[in-house]
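We've got the same protein chain twice here, in two forms, each standing alone as structure tokens: structure 1 and structure 2.
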Structure 1
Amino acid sequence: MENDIQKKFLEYVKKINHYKQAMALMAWDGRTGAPKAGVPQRAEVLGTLSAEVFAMSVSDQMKDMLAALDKATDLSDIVLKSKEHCQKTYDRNTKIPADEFKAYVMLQSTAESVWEEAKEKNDFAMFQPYLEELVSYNKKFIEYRGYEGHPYNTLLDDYEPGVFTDTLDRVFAELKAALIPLVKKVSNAKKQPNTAPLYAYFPKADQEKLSHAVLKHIGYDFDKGRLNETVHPFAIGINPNDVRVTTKYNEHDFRVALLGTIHEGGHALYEQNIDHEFIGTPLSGGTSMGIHESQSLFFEKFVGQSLPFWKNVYPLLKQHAGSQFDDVELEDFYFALNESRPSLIRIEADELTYCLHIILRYELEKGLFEGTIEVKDLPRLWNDKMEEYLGIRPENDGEGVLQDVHWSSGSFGYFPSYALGYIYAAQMKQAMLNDLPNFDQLLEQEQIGVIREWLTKHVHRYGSLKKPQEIIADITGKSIDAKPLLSYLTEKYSNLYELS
């Protein structure tokens, strides 16, 4: 009897998963060139599919199966963890009226299209009413679901279970205290890199070939994915055998595409290496956005911006860049690639300033949901914080408050995972060196597969079987700790800029 209920449950969640795969495919299509005239109909279709998923997640059938599984005594790990996931979803969604959820999903799809146009026109006023409605919906959903300590905690739990505002306030304060003065020291340092070669004209077609080559180099399987161009780069896992990567090309700064491609490639490697046993279950995806970001940032920062990596890959870059770097020594290129200069755009931010971008967004989101900030005030507050933390001020909304896609899709609570991911990645790198003390040599000798296999063994293969804090504790023996990241950044940039 117990085997029957397990089988029935797995078949049911597999059907839900199939709907989600269809929705993911439509989301990818919508961001990679789908016709604008199709937005209303596509929003309606997504609304219908999401309503079906929502209904299945809170159905009497789901309720009865969860109750039956509660009484079962011999559940497999896959069924047990899938049941926990579905129980959490059931508890959350039964508190939200189905018609409101469908309307919200349709709003998300429309808002994202409006955001794209508003960003292009540098016009926050165009997007403001949609953002106000998105925030309003989420405030209602928080009230329906309930919260402990702070209303924003409910949204944080969707992306990084178990990490709440008290932890983020403490860790982000530690980061700010160390990074803001370090950024100023680097900006005022006498030694500065020559970055002119980075901005030479680099045709998009050649950058696309380079991006393909680098993705293959880090282990991305093109038989299980593809690379496309988009306004805002992302990776999307439809299933472990179909994980797609996108990038954005800038013909006068090839780093935007190259480092962005490596970043999204890190996300994709996570999804491609999840245990195939989990396909069709809620476990067939990353366990949290923080762990997901740890993989993308590990490959972007600790691999893609390291000197050992470029000792191996620099000839590949020269092959695709024409004569752009013929007269540039590797060490000079490495210094230029790792230049720290406050940037207005998060996805173009360097290692040293990256977390400050995230902290800015976290503070604004937290304020929106505790009621101390209104949507209409976001452009001014954004600009003020940018000037305070990084010493620069946006000239328009496109390079300021409108630059990220996340708010248009209602992804409130997502941003902190970027900084958490960077912290996790540094903790993983520190732990990895115990097993792979020859980390640098592996990168130099084109044995990046050994590093990737370590990550698959400790992170990727588990999908959502393990919770994020379990993964970090099992790898490091600790909880969230910003010290490895601060040590890494302080040492690296003090050496590069010869700080006293």
Structure 2
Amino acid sequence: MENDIQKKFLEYVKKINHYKQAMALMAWDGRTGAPKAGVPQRAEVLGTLSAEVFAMSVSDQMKDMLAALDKATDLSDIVLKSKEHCQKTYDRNTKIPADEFKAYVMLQSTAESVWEEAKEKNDFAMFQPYLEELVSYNKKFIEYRGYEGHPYNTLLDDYEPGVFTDTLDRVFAELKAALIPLVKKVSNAKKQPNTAPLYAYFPKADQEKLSHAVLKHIGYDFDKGRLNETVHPFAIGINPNDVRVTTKYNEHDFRVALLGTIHEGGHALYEQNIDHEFIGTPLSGGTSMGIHESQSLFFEKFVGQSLPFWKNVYPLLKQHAGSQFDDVELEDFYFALNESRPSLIRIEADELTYCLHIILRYELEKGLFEGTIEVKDLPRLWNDKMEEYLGIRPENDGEGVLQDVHWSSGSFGYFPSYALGYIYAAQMKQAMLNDLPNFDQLLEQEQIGVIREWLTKHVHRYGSLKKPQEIIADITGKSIDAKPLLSYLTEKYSNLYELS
């Protein structure tokens, strides 16, 4: 009997998963050269499939199976954890009244196009009423869904399951206290890198070859994926045997493609190495935004922007590039590649300043949902905080409060994951050094495979079986902690900029 219900449940979630795989392929296709005129039909087909997925997630059959599984004993790990995922989705999708959710979806789509125009016109007032409505809907949804401790936690839980304001307040306070003065010191340092060679002409065809070579280098399996060019780079896992990466090429800044490819490659390594037993279940993707970001950042920052990596790869770069690096010493190249400077736009920020961009957003979102901040005050608060944290002030809202798309699509609670990615990655690196004290030598000797295997063993293979905090605890024996990241940044940038 209990085997029957497990089997029936797994068949059911497999069907949902198959529809999602078809949708994932359509999403990939839509961004990699699909014909323009096909957009409306594609949207309709996606609508049909997602309506089916939604219907299956809240069906009576799902309800009955979840109830039966709750009573069952001896569930397999896969069934138990899959059940938890489905229960969470069921609760979220049934607690919000359907008509309100439909109105909200329509608001999202309007708000996104209003935001686009407002950003272009630097006109926050235009976007303000929509943002107010988005916040107000989300406040209502939080009431429907319930919350533990702080209302914002319900939103955080959607992106980073189980990581709440208590944790974030603690680690972000620690980060802020140390980063603000460190950023100031770096900005005022006498020693500064010569970045001119980075911007020399680097033909796209050569960058393409370099991107392929570097993806292979970090262990991306081209039998389980492909690399294409898009305007906005991304990685997408259709299933662990089909994980695709895209990148973009700037012929006057090769870092865009090179580091972007490594970043998306890090996401892809995670998805390619998820245990194949999970295929067809809700466990077959990454467990959270933050853990996902930890993998992309690990490869981008701790590998791709590290000196030992470049000791090995610099000749490869020279081989693909023109003559621009012929007279550039490795150490000077490495310094240029890691230039740090306060800047207004989050997605262009370097690793030293990045988390301050996130903390600013976190403080504003948290204030909105506890009711201590009003939407109308966001532009001023944003600009004040930028000045306080990074010493620069936006001249208009387009380069300030309007810069990111997230809020316009109602994605509150998403931003903290980006900073958590840095924090997790640094914690992993520190733990990894206990097992692989020769980390630097591995990079120098082109043995990234050993590093990738360590991450697969401790992170990748689990897919969504473990929650973020479980992964971190199992690796480090500790909770989420900002210290490893702070040590890494302090040491690296003190050395680079010769800070006293």
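Throughout, rigid core stands for the largest set of C-alpha atoms superposing within 1.5 Å between the two forms. Residue numbering: sequential along structure 1, first residue numbered 1. None of the values given here were measured: they were computed from a predicted structure.
Chemist: With each form of the chain shown alone, which structure should be assigned as the form predicted in complex with a further copy of the same chain?
Modeler: The form predicted in complex with a further copy of the same chain is the one given as structure 2; the other form is structure 1.
Chemist: Relative to the superposed rigid core, does Lys36 relocate between structure 1 and structure 2 - that is, does its Cα move 2 Å or more?
Modeler: Yes, the C-alpha moves 2 Å or more.
Chemist: Do you see a C-alpha shift of 2 Å or more at Lys429 between structure 1 and structure 2, with the core held fixed?
Modeler: Comparing forms between structure 1 and structure 2, the Lys429 CA shifts below 2 Å.
Chemist: Tell me, please, whether between structure 1 and structure 2 the C-alpha of His357 is shifted by 2 Å or more, with the rigid core used for superposition.
Modeler: Yes, its C-alpha moves 2 Å or more.
Chemist: Core-aligned, what's the Cα displacement of Glu120 between structure 1 and structure 2 in Å?
Modeler: With the rigid core fitted, the alpha carbon of Glu120 is displaced 8.9 Å between structure 1 and structure 2.
Chemist: Superpose on the rigid core and then read off how far the CA of Gln403 has moved between structure 1 and structure 2, in Å.
Modeler: Its C-alpha position differs by 5.6 Å.
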